[in-house]
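Before any questions on binding or motion, here is one chain by itself as structure tokens, the form predicted alone.
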């Protein structure tokens, strides 16, 4: 006989996003939710799931998308939905057309071409720490690396990285209007400033094309039937948000892991070839994007509970990443782990387009730190978080330990 179906009783089960600390340490609360009510109807009427197998089903094997059956994005008006042209918020066929235009910038060949430029820029940043025994892991590492990538891909001036990072953090709240109504004014202002900034770059590419992805998108827009001006602008802003914000979180949160588990940092120092699996473990253990949402297009069953069609379902990725049904000793940070894939890049047609870029950036950051320093010590009480919808640190003061000369 199979396991009995879950009974659903609405409640928060210790994981109320309005009262819990979703950024510093949400794991205990989400563990309780996953164990007690893995298919959860919140008191506000929204559904969320937290088991690995259910989330994989939602993202990869369900009939679902980003919009309701009537074409609207959840909790948005028709006017707001029709103004939204970023591919992450689209469903086929528009999603597939936009993703196909942008994906050329993320091929292994394209990333291999920019990796030396990213490494060179980071080396210059880290060289400035030669006489110091302290650093900010965000300003000196987690921000410069993806900023260098964005410079190479979109032609964004490297010196604008701090300004753009602040705007991008605020702009993320536009993705959750209902949950953060008090921040919508600042989010809209940030988006308008980003739009003005990107339009200036677009105009420059029209006048003087380069070999970056922005020039390629401009060429597609000028071809007439492939990309509208609004689509061009929104893909540019969306790529900036996706390429900068979440990678800052990956690198910053990853370095905090290495501070907590110095044996793993030493292991990476001794075996640089572990960089790839180290990145995957950081993505699993402390992801910068804790959850995502899909709208069901038909009645769908999760762990014996059927959720009706046209219902948004929140997938708690950060809970699935520590599901003991899938990961051995899931609360242990182990860069040699070889198990199931984490959920941090989503899945299905919306699987993170920039996943290879994020991995490359983190590998450059982690191997560079491991080659220069013997250890990193973070005072976690001094970590500051960015004003972002995601788990993005704004400042991580750290002490550096070097090998004795």
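Residue numbers count along the first chain shown, from 1. These numbers were taken from a predicted model, which means no experiment stands behind them.
Another form, the form predicted together with ligand HEM, is not on view; read the next lines as being about it.
Ligand HEM in the model of the complex is approached by residue 354, whose closest heavy atom lies within 4.5 angstroms of it. Although the partner is absent here, residue 99 sits close enough that one of its heavy atoms falls within 4.5 Å of ligand HEM in the model of the complex. Of the heavy atoms in residue 156, none are within 4.5 Å of ligand HEM in the model of the complex. Within this chain, residue 243 lines the site of ligand HEM in the model of the complex, having a heavy atom no more than 4.5 Å away. Just one of 253, 172, 292, 321 comes within 4.5 Å of ligand HEM in the model of the complex, counting any heavy atom, and that one is 292. For the residues 375, 346, 65, 26, the 4.5 Å heavy atom test against ligand HEM in the model of the complex is passed only by 346.
Although ligand HEM is omitted here, in the model of the complex none of 12, 40 and 300 has a heavy atom within 4.5 Å of it.
Contact with ligand HEM, judged by heavy atoms within 4.5 Å in the model of the complex, is confined among 375-383, 354-362, 28-36, 332-340 to 354-362. The single residue of 314-331 lying near ligand HEM in the model of the complex is 317, the criterion being any heavy atom within 4.5 Å.
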